[in-house]
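Okay, so here's just one chain, in structure tokens, the form predicted alone.
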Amino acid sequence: MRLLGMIGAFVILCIGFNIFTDGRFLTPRNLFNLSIQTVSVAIMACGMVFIIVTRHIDLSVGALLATTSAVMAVTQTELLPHILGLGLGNPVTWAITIVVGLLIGALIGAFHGWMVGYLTIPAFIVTLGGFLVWRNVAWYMTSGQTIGPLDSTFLMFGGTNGTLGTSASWLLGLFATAIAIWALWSGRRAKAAHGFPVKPVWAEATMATIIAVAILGYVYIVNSYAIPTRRLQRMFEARGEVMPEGLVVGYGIPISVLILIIVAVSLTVVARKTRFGRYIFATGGNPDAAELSGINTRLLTVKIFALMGFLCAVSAVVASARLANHSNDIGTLDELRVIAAAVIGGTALSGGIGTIYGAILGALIMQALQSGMAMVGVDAPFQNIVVGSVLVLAVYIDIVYRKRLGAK
């Protein structure tokens, strides 16, 4: 019911903004842009769930995104051309760049986790220091300048520069729908087989319908967003072909959204099906009991923060590719958006409770709220006031919900 309530709030939000913008909010173009704008924060919010579940916090994610973005920009524009002779457009430039960025992100995250887990410095202090340190490390790496252009293949991970096309998008949508419904019903059978309580059939059927409509509806929307005619002509000319008269081609699912799906599915499996995931929630539920039961909570902390750093680097790939360059202000205030998305999505600040899909839905609600207010013409300061108020209200509603659930 809580998930359905969040979905209902998102739908009401979209309909409301569509009315106030005279039908411009729910257009294929705006929804396409909304999805690619959400990806960067949503990916980091998935990692933030594990951080908050274990009763920690990470205030450095935006700065870490900036640092890894700077590392990857400098790698492909300065280091690889001068050291290995691999310029922009080389088939391996993008791969080496991303590997370097992911490695740096994971190492910095592990360093944070080591200070929190083994030196027992509070995560708030460690990551607050990281927020200041890594934001300015990124500035010094680029001397505060915008770095671009970036490798053309690298840019495919950002948005309109890289999409699956309409046919591949429909195939992926049908496959994802089938897998999601199968997972829903197989989970129900497994619970019933072991004597656990299950949801009513109508509730499962409702969830299956919502999932199918959401997936296939999204595919229909992104396929409906047509590539501009002039850009389509250039694409044909690059292949040495002539574009047929009156041809209309949709973008399809962006590769960045596909990356988010892969991250979300992977972390959901980790959370529900692996020892590492069970250790995370056990530690968040009762750290002392988890340590007494034999869980190495210190090493677990290092691993969680390393994963967070890795996901910050993934977000840096998406964010810099969407902007087509590395800018000095990339990732600014993302730490607040990421934490807000996780909390709005149902992650308890007291630890032990949180879901990946909830964090993604929280990020989507946050982005829809900001995008809608911008389209209506709300000033940026007032947008922040509204977002902050929504965050506090969401936490209050979550507290009331859990109290009533505990009373029952």
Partner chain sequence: MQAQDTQKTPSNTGRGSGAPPLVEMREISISFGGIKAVDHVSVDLYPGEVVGLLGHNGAGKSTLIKVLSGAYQMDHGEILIDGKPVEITNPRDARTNNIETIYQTLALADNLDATSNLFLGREMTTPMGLVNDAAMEAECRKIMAQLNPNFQKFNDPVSALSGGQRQSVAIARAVYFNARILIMDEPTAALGPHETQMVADLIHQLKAQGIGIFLIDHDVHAVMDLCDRASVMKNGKLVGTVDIEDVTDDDLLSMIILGKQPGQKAE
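Residue numbers count along the first chain shown, from 1. All values derive from a computational prediction rather than experimental measurement. We call the rigid core whatever largest set of C-alpha positions still superposes within 1.5 Å between the two forms.
Heads up, the form predicted together with its partner chain isn't pictured, but that's what we're talking about next.
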Residues Phe196, Arg272 and Tyr279 all lining its partner chain in the predicted bound form, heavy atom within 4.5 Å: yes
Can you say which of 157 to 165, 218 to 226, 183 to 191, 78 to 86 gets within 4.5 Å of its partner chain in the predicted bound form, counting heavy atoms only? 183 to 191
Are any of the heavy atoms in Ile295 no more than 4.5 Å from a heavy atom of its partner chain in the predicted bound form? yes
In the predicted bound form, Asn136 touching its partner chain (heavy atom, 4.5 Å): no
Asn286 versus its partner chain, in the predicted bound form: is there a non-hydrogen atom within 4.5 Å? yes
Closest heavy atom of Asp329 to its partner chain in the predicted bound form, within 4.5 Å or not? no
Thr274 C-alpha relocation of at least 2 Å between this form and the one not shown, rigid core basis: no
Taking the rigid core as reference, does the Cα of Ser186 move 2 Å or more between this form and the one not shown? yes
